[in-house]
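What follows is one chain in structure tokens, specifically the form predicted on its own.
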Amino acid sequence: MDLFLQFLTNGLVIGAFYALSALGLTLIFGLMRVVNFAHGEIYMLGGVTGWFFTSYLGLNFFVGLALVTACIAVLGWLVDRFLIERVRGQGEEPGILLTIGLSIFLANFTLLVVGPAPLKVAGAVSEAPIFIGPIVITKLRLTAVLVTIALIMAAHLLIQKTRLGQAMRATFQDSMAANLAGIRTKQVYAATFALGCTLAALSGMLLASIYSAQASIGGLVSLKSFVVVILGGMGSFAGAIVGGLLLGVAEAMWGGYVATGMVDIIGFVLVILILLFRPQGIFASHAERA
């Protein structure tokens, strides 16, 4: 039983990061209808820029987090205004091809600049263990999870309670009506893409403080984010959170009881099962558009 609780805790910790990363993907897809294949590379950039600010320049972790937020938000804004904007309204294929090209560019550019070696982000606290009954968790992991929960809540409040969030929902329900009502829809599209990219990048930086960031990790992250979004339901904010936690727990249980070397397989098994028995995803019957 003690071992089960430890695996469950490990799964919920990693699942929180999966959820934060997938929120960015489901936000961009659910609101903008853009299938972003560069999502994993944006996540990777979050880890690499986080390493640059904290380990290379020696800045405080939370200062680095704020700088990564600003840098990736600007990058996401520029990508939407100068790239995505050019193919908007032309169907899904041009957007897919564009984001695939962007992912290749970002991965190779990062390889050229920092190389293929793992890069560790300097954490906010030490890795000293905390004992909660039979469960052991490090201070670093607990802090990262608390920051992740705060970011998820902040994203939810931004979308549901602010004027920008209202403008986002109005634009993606009927962009023409929103335009006639005076909403600057191009700015709303750019802000949404920037928000989705920022959530992915922050997830990358937080997880790189526990493990490490690598220029070549984007492809696997994109696949896992798509797994989470399919599990939870396309465009569902709550579905991304539940899907992320489900994938994290499933991987932890599989790695703990079955085989650690094949842990990535369980995500694809879950996708096959969900497509067979509930292809719309867990939350699709009452899906909320982020």
Partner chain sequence: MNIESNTLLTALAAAVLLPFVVHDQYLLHLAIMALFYAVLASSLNLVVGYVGEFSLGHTAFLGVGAYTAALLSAKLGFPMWITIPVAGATSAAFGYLIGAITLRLQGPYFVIVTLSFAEVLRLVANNWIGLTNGPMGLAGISQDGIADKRAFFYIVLGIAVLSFYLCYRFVYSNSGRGAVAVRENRYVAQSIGVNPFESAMQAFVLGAFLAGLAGGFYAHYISFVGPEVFQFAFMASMIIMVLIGGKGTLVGPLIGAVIVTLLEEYLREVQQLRLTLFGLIVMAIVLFLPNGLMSLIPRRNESRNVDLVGAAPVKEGSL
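Positions refer to the first chain, counted from 1. Predicted model, so just to flag it, every value in this text is computed and none were measured.
The same protein also has a form predicted in complex with its partner chain, omitted here; what follows describes it.
Exactly one residue in Phe61, Trp51, Phe237, Phe37 has a non-hydrogen atom within 4.5 Å of its partner chain in the model of the complex; which is it?
The residue in contact is Phe37.
Only one of Ile96, Ala73, Ala178, Leu140 has a non-hydrogen atom within 4.5 angstroms of its partner chain in the model of the complex; which is it?
Spelling it out, the residue with a heavy atom inside the cut-off is Ile96.
Just to confirm the contact call: exactly one of 226-234, 247-255, 51-59, 65-73 touches its partner chain in the model of the complex at a 4.5 Å heavy atom cutoff, so which is it?
That would be 226-234.
If we define contact as a non-hydrogen atom of the residue within 4.5 angstroms of the partner, is Glu92 a contact of its partner chain in the model of the complex?
Yes - in the model of the complex, heavy atoms of Glu92 and its partner chain come within 4.5 Å of each other.
Evaluate Thr162 for contact with its partner chain in the model of the complex, applying a 4.5 angstroms cut-off between non-hydrogen atoms, and reply yes or no.
Residue-level check for Thr162: no, no contact with its partner chain.
Check whether Pro134 has any heavy atom within 4.5 Å of a heavy atom of its partner chain in the model of the complex, and answer yes or no.
No, Pro134 sits far enough from its partner chain in the model of the complex that none of its heavy atoms falls within 4.5 Å.
Given that its partner chain is not shown alongside this chain, does Ser126 nevertheless sit within 4.5 Å of it in the model of the complex, heavy atom to heavy atom?
Answer no; every heavy atom of Ser126 is more than 4.5 Å from its partner chain in the model of the complex.
From first to last in sequence, which residues of 98-112 have any non-hydrogen atom within 4.5 angstroms of its partner chain in the model of the complex?
Counting only heavy atoms within 4.5 Å of its partner chain in the model of the complex, the contacting residues of 98-112 are Leu98, Ile100, Gly101, Leu102, Ile104, Phe105, Asn108, Phe109, Leu111, Leu112.
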